[in-house]
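One chain is shown next in structure tokens, namely the form predicted alone.
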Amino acid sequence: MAKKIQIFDTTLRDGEQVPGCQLKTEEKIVIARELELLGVDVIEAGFPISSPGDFLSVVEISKAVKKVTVCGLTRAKKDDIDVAAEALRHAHRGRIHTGIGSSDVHIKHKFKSTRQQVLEQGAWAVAYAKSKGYEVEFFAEDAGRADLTFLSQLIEAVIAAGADVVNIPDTTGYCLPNLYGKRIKHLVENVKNIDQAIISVHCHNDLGLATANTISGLINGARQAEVTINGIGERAGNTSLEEVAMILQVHRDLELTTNIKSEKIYAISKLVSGMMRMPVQANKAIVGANAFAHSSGIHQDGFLKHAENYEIINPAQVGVPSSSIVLTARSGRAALKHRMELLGHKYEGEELNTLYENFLLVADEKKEVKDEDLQVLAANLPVLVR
């Protein structure tokens, strides 16, 4: 039986930390409602103490959505937790997400503290947040570089203090997938009270490994994935929601499933891209402009014969209207013939050969041959074949 993976979306918190991509509260509400319809389990709505705007956004999103958990981020500080609790007061189901650095780099150079002090502060923060009456998630910042024995002690302590979810972030995108997976497996096998909490994975993309690390973490026992739409986020970004959702859908042998309604993915990708004024790169997996586009002759011929030759996802599964055949100098006769037939022209034999030769002349001059160019070629063909 497939195991359920909770999808924790932090587009409106970590994703919004991209310079120049800040949203107004009313814009956040629009996205939050679409995330709810998409089927995410948790929406991290903001960092309430960071600004009046973030506080207001958490309040208003808590009012606007009812079927998902609304989460507010805090540091392991009393004032942060008090403000987050107040911001979540209207939430149908609220969660305080508190935590502290767990690596020696952070403990020494960020907090100027000790492991023992961090352990005590983390456990205190969880207990205090729990007293507010909400779910509590604890993040062990920079867990990807933390000493594994100390990380295990910290996770055990915060679960004992009442943590419902323990977040193991690869904050700097440092980990390799096999090593990150081993880190999660170690916690599953060595933290004696780990069965009392859900393990969450939160990975960054500094080395382009965020999605791979997330999947490795899920395979090894994590049951919550922290993601953003289009993979947006601090520096090189976060794990992409659409990539995780579709990997689990395609690889059913993993027996991991989500509540994501994949046919809504493309629309919310465009919504977030437009509202945040952050274009999606053309070769982005799942939602990029070229994700279902075919331009080389060999690929086009194979795709036209049977789509699964070159597509492991039907574009309709993610809400993309259709695949596209892009005509370039690398395209072959099969693609040209196909496009011409769509335009109402049917060519075979010598006519097709002549058309193709002239098409290549145009294609060498242009990056992409458009339908209007093909209509000109069709109009001139009778003269060319006399």
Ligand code: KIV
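Since the structure is predicted, the reported quantities are computational estimates derived from the model, not experimental observations. The first residue of the shown sequence is 1; numbering continues from there.
One more form of this protein exists, namely the form predicted in complex with 3-methyl-2-oxobutanoic acid; it is left out here, but the text below deals with it.
Residue Pro169 is the only one of Pro169, Gly122, Gly233, Gly181 with a heavy atom lying within 4.5 Å of 3-methyl-2-oxobutanoic acid in the model of the complex. You can rule out all but one of 181 to 189, 289 to 297, 134 to 142, 214 to 222: in the model of the complex, only 134 to 142 has residues with a heavy atom within 4.5 Å of 3-methyl-2-oxobutanoic acid. The closest heavy atom approach of Arg95 to 3-methyl-2-oxobutanoic acid in the model of the complex falls outside 4.5 Å. Although the partner is absent here, Glu16 lies well away from 3-methyl-2-oxobutanoic acid in the model of the complex, with no heavy atom inside 4.5 Å. When contacts are judged by a 4.5 Å heavy atom cut-off, Leu73 counts as touching 3-methyl-2-oxobutanoic acid in the model of the complex. Of the residues in 250 to 283, none comes within 4.5 Å of 3-methyl-2-oxobutanoic acid in the model of the complex through any heavy atom.
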